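For reference, the chain that follows is the form predicted on its own, supplied as structure tokens.
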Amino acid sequence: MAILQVEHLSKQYGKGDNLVMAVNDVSFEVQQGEFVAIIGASGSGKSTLLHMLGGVDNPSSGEIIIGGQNISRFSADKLAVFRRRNIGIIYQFYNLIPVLNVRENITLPADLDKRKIDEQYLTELIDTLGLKERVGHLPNQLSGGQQQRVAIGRALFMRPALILADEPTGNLDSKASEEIVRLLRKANEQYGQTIIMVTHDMKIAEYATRIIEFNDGKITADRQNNRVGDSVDAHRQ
């Protein structure tokens, strides 16, 4: 079942001689439970595409349908609620709340939505993320990799339809990067979470089960990564 349908999506900036088509008439689908990597050079438009999928940026034209709902037609207020309940976003620079500890940052979406905290799931998630000994710590008491683990936990906590990761390893060293992308794979495999990850690094992209190549605002290749297990093993050596 397609959890995401993108139809003739475009985003343009400027006019006339200054017109830039950051995303140019893009269409594709993502099935529930897929782990998709969108790879492209800086300036290719891949992050702009991801921001539109997350309802953070508005398309110039086209449609984005998530779970059967056309979010491109939502009002700003309706979109904000839908995003909080159905989309988890992981940024390169973590975007944690500095005055909240690990637990509070992870549960923030549920708190904002006035939902009861599922303590059993929270405990399981914290254990999976390797943060059991850091629950009471503030972000400035954590390493970069630990902060990104908290960001992943926050994105997963509402069990959203879609997880969007924008260069999630871009601010980390190689060891922490591998740990983070492995956590994303585990979320995909253990929780059946649908993930779309933007990256410029093919080694990171190969942890995904499907790779979309993006260049000059367009999809230039779209393939299944049937050797994902072999790729991951090769990176460990």
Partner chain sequence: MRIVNKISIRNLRQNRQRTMMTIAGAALSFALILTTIFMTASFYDSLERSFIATHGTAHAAFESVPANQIQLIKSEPTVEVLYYSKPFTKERVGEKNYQYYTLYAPVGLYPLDAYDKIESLDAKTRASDEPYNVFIRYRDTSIDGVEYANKTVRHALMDAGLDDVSIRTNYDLLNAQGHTEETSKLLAVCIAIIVLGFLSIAAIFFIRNSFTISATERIRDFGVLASIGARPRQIRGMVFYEAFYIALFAIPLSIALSIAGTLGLIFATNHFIGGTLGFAVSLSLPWQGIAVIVALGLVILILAAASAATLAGRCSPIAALRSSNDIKIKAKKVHTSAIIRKIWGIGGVLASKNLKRSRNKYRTTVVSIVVSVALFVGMGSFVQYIQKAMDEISSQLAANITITGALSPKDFRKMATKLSLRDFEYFGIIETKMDESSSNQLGIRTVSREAFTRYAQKLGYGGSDFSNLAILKNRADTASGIRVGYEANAGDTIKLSIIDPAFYADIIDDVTEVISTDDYVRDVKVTVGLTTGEVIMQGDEQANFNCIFISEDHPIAKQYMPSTTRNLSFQYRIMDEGRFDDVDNYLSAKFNRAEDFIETTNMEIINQSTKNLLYLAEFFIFGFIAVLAIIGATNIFNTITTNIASRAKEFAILRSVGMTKKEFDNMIRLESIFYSFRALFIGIICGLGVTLLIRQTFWSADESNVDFIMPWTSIIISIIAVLIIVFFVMRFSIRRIEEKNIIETIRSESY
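Predicted, not measured: the structure shown is a model, and the values here were computed from it. Residue numbers count along the first chain shown, from 1.
Here the subject shifts to the form predicted together with its partner chain, a form of this protein not shown in this document.
- Stretch-level contact analysis of 204-212, 45-53, 188-196, 63-71 against its partner chain in the model of the complex, using heavy atoms and a 4.5 Å limit, identifies 45-53.
- Among residues of the shown chain, Asp111 is one whose heavy atoms approach its partner chain to within 4.5 Å in the model of the complex.
- A residue is said to contact a partner when one of its heavy atoms sits within 4.5 Å of a partner heavy atom; Glu104 meets this definition for its partner chain in the model of the complex.
- Contact between Asp77 and its partner chain in the model of the complex is found at the 4.5 Å heavy atom cutoff.
- Although the partner is absent here, Phe157 sits far enough away that none of its heavy atoms falls within 4.5 Å of its partner chain in the model of the complex.
- The three residues Val81, Arg84 and Leu138 all sit with a heavy atom within 4.5 Å of its partner chain in the model of the complex.
- Contacts to its partner chain in the model of the complex (heavy atom within 4.5 Å) from stretch 89-113: Ile89, Tyr91, Phe93, Asn95, Leu96, Ile97, Pro98, Val99, Leu100, Glu104, Leu108, Pro109, Asp111, Leu112.
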